[in-house]
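A lone chain, given as structure tokens: the form predicted alone.
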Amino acid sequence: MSDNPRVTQPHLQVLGKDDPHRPRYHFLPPAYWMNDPNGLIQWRGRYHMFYQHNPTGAFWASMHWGHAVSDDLVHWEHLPIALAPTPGGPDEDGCFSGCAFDHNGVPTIMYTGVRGQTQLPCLATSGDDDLITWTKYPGNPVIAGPPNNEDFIIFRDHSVWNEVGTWYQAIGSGIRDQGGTALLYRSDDLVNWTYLHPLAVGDQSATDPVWTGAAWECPDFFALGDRHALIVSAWDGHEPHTPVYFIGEYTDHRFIPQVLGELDAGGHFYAPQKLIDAQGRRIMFGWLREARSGDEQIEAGWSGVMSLPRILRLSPEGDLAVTPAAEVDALRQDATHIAGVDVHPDDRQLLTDVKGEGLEIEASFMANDAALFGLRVRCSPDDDEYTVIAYDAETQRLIIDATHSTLNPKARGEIRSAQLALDEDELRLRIYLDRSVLEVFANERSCISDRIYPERVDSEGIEVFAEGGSVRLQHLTAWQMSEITP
């Protein structure tokens, strides 16, 4: 066995600590670049998060595995880098995404090692309970290359599980001119792998209800209730697109999708991965990508944020239900309650008791006859800046309109939406606003995450509005949220 080069964080000084867009209660490294969550695992009672990381700058390059640990999914302790490229090794140009699992009491990682244009599965193990020191398998890579009987366009990212003593692995890929796929392998020892067949194959020509991509990155396959779920990140051949989920039957080592949906419609949530904790919960994190220019990210000294932990479960209707983990509630402070507000056509009411850049908001609306209604957040007093969170009753879609979220011409704002049929005309929102991060959950069925960069220090107002009819704000509770790192 060959020891992995030990790499510590170059410093634990927080870069960009005075940046008004740096989140306060979402996880991110002290400095520089972060993308995909990797190797999520609960080990000896503690939650470990590994993640793609460039320890030399706030830009994508020379991928390492950053590492942090938590007792509560919310407050994180930064640890030394877990995996670094080995000069002359199969990962000399990067340690790309992968997963962590328990192999007979040994914490084990399967990751993508990169050398030039070659990306292949590599294995590493840890011998300490804190998962700080990792040893790479000397025979890496453990699979010599993709199957040669198809025209596969990528071969990376890993989901590993055990069935009655036999190991299985799904690797992200795509079949040229057909669509994304996850290639299924089997092994008795994690070292010698036999290719079986595609676990499932998408159709890149279909867009209803969502587009599933030319290839699938970061596959994650797991049991969910009495079904199975496959979550993949759709890739268009050039850049990330959006994560989608399939719910279906798993029979004879083939997955038959029956339900397809968009996991998060915001365009900034990508490469999600789940862990299963001691309570049996499926807990998911995802990378929240930036929406400001690359030079501004480099100047700030940081790039990339992790989402809040999300709980996945099978809904009574058989699709995917997503809610924030209860542990996030521990960050709540100084609650403000509002109830029974009627909002009339083309009316906007400023909630004078609620404002800020670091909030959680729970709100319930009764639709009545309004055509469009919801909240505007991060509002400046003169409407120079604001972001809209709304429901369109005609199209039955949840909307985030960030086209007026910033005066900065280098930060793009878009309109994003997700399909959402209301239950008895009630819209239930949970909104997490953390400076440049916005995560919105609606009726436990739709999620939209966005990145916004207001320039003005007075862009802190919250308004409720209705267009084309009236709406009733049944209740709203807003909490100021505490910082996770002093």
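Being a predicted model, the structure only gives us computed values, none of them experimental. Note that residue numbering follows the sequence shown and begins at 1.
FYI, the form predicted in complex with 2,5-dideoxy-2,5-imino-D-mannitol isn't displayed, but the following is about it.
Figure note: of the listed segments 413 to 421, 456 to 464, 433 to 441, 34 to 42, the one touching 2,5-dideoxy-2,5-imino-D-mannitol in the model of the complex, with heavy atoms no more than 4.5 Å away, is 34 to 42. When 2,5-dideoxy-2,5-imino-D-mannitol is considered in the model of the complex, F373 lies well away from it, no heavy atom lying within 4.5 Å. In the model of the complex, at least one heavy atom of C218 sits within 4.5 Å of a heavy atom of 2,5-dideoxy-2,5-imino-D-mannitol. Taking the partner from elsewhere, W60 is found to have a heavy atom lying within 4.5 Å of 2,5-dideoxy-2,5-imino-D-mannitol in the model of the complex.
At least one heavy atom of Q52 is located within 4.5 Å of 2,5-dideoxy-2,5-imino-D-mannitol in the model of the complex. This chain is drawn without 2,5-dideoxy-2,5-imino-D-mannitol; in the model of the complex, the residue among I143, I175, I247, A271 with a heavy atom within 4.5 Å of it is A271.
Contact with 2,5-dideoxy-2,5-imino-D-mannitol in the model of the complex, judged by any heavy atom within 4.5 Å, is made by just one of Y391, F365, W134, W287: W287. Scanning 122 to 157 for heavy atoms within 4.5 Å of 2,5-dideoxy-2,5-imino-D-mannitol in the model of the complex gives R156, D157 in sequence order.
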